[in-house]
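Next comes just one chain, in structure tokens: the form predicted on its own.
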């Protein structure tokens, strides 16, 4: 981020002032070393390039292969002379210079000579897995690029923090990799900045050579059935956000007073929700589940969870790992109907091995239940059912049940289609969680968006008809796959950006100000960005609170609390 070895006498020192629309161009000439410290350094507008510093006129310069520290500089009215209030100090080491720059929020110094190219400035919108994997590949592959990650919340890591189930800590180990990326000198993190309102995409395009949209899927697919708006009906996104500490979901207060809960959808997220509802409290107490949701689950009366799908056993969307966890969950039993699996033993012989293993595990679980295995709580996969109505309570204030249409399959395998038979059944329940898919939303009118597919139209991550705009992750391909899928997808987008830099399709010959161009703008709009150092303060507080109660962390769930800790 800060210095590179090998500066020569001819290297120029360039400063960009966040308080001015124009860069302040400084050139430390050979003759300047003959002047007495503190008498000033000449400035010029010629041959300028940018470096970034978030504090006006604070910089570290390297000249004659030594480090000179210029501080508290004041600019004269004619912008031609920089008067130093403090002496120029010599002999600082690179380590000291780097430490100083980090403490004073300097964001970059590049070597400037007559043949040096400007530093490519890349902005990533979204601090989740897609954003950090894209940043990681760019930083590894291009030794000069500066990457800044903007995140709406004060905390990074997106669905790794807010989507991965609390009892899956091993999946969250990827945070260590993301942390290494964020701590690199050429990577900046700006939390608490909402792109689209705090700053527009067009403003980002003016400040950066490339803008990569990696903001994920913040919406949920609608059921589109009567009663969906009733109390007691929640999207899986909101329910997961509630127990994982998403600030916007902290006041959800799901009704857990009824014995039966229904989950619509049979993917991994659906099984996560079922597992959290049925897990023994002693297991959850050892996770990073939020205090409020843990308290609510402790008082829960839910003893039966139905996981409903439109199609059959050969089309369930969960993985064998998630299914095995449900089957082995202490204090619970699967209630699977052996009739749902008739004829499947022969059919699975011709399907891919992962599907075969998953179906065989389902059949085994169904037979064990038939043998008389008993437990206090139970869960079941209800196949060939499609929701048609949420049934209200007598006073119509909340959900009291759900009407399911019975379906049958046309076709076979993964492409089998569910069609209605005309039969229906009703299930009494107090909690209904819709887990039929996340959905990306438009971020800014300037960004093309396919409303039907709920993605940004792109080719290999290049946003169509929008030069300089790229996308990665779910907003690029839709909400599917696991973290490894997102990693490969993000690497592909990063390669597209690098290819465009190399070919000249992405013009990096003109210097861009990067984060410095946004400093004053955000300040004027009352936005206080949270740096990665600010996040690490939040992290320290959360882990300390967690140790007190025997948990990995106790998450802060209020943005105001996060900002307060980050500013300490």
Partner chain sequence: MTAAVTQRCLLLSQSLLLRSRSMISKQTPLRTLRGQRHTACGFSRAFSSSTGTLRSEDKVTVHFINRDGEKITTEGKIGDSLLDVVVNKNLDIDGFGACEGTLACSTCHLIFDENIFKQLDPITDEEMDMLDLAYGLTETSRLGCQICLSKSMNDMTVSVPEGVADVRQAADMGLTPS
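On a predicted model such as this, the values are computed, not experimentally measured, just so you know. Numbering follows the first chain given and starts at 1.
FYI, the form predicted in complex with the partner chain isn't displayed, but the following is about it.
Residue contact with the partner chain in the predicted bound form: residue 479 places a heavy atom within 4.5 Å of it. Interface membership of residue 543, defined by any non-hydrogen atom within 4.5 Å of the partner chain in the predicted bound form, is confirmed. The partner chain in the predicted bound form is not approached by residue 244, whose heavy atoms all lie more than 4.5 angstroms from it.
Contact annotation: residue 171 falls within 4.5 Å of the partner chain in the predicted bound form, judged by heavy atom distances.
Checking 349-357, 148-156, 122-130, 269-277 against the partner chain in the predicted bound form, the stretch whose residues place heavy atoms within 4.5 Å of it is 349-357.
Among the residues 396, 345, 321, 301, the one placing a heavy atom within 4.5 Å of the partner chain in the predicted bound form is 321. The partner is absent here, but in the predicted bound form a heavy atom of 310, alone among 186, 234, 209, 310, sits within 4.5 Å of the partner chain. Contacts with the partner chain in the predicted bound form, taken as any heavy atom within 4.5 Å, map within 479-516 to 479, 480, 481, 482, 484, 485, 487, 488, 491.
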